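Next comes just one chain, in structure tokens: the form predicted alone.
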Amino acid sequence: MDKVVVSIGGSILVPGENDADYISELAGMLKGISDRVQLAIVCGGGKTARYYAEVGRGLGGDTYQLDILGIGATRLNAQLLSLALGDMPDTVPTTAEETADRSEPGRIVVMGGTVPGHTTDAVSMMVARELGACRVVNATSVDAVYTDDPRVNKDAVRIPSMTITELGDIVYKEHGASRSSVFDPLGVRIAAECGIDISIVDGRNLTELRNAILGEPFSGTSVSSR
């Protein structure tokens, strides 16, 4: 049985529109395939994290303190998804190791962030490394990797498949500045070192997300680590 880690951005999980319906349908889909793949889920913070960061900044919070607030938001989102899955714990796992330890066939483990400085992408890759997962599926608000941000550049070209080296080139282009909208640089490095493939897909399209999780053809971007 393949082991798969799914990274779900907070803006996908709780965008503020039909949230309960989507989360319920997402949970149903995940439960429906949990007998075919061993799943671990990492949730982002999204607008909840951004709200607390904005208010916290106005209250004089420093970067570390704002990150702590953001991590709290990711764990709140993780509990929300756990509730939909029918097994909401009092606390979600707080480390990649804990998530890997709890994971087993048929059991979906959900977590949020870990420590300041680690993005959802990076945490997902850390979980995949600990779990020995074959791929990380990045459920995001953009349906694939593009040559530029398609939301601001109508001429951006969609990339259906690429290597981890090519993804790294996009992530680090422009004098090494990371483009967090594509994928986290630390996550790319772990994927390359551990041979973990990445699938980038529209997280609100549950049919394509399901296909990506199962390793079937999907509409998005397949990133080969080999």
Ligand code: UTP
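One-based numbering along the sequence shown. All figures in this text were calculated on a predicted structure; none of them were measured in a lab.
This next part talks about the form predicted together with this ligand, which is not shown.
- Although the partner is absent here, R102 lies well away from this ligand in the predicted complex, with no heavy atom inside 4.5 Å.
- Interface residue remark: V123 is counted as part of the site for this ligand in the predicted complex, having a heavy atom within 4.5 Å.
- Contact annotation: D67 falls within 4.5 Å of this ligand in the predicted complex, judged by heavy atom distances.
- Although the partner is absent here, R129 sits far enough away that none of its heavy atoms falls within 4.5 Å of this ligand in the predicted complex.
- Distance criterion of 4.5 Å from any heavy atom to this ligand in the predicted complex singles out I71 from the list A156, I71, L80, C134.
- Only one of the listed residues (G86, G117, P89, G106) places a non-hydrogen atom within 4.5 angstroms of this ligand in the predicted complex, and that residue is G117.
- Screening 22-30, 38-46, 164-172, 185-193 for residues having heavy atoms within 4.5 Å of this ligand in the predicted complex returns a single hit, 38-46.
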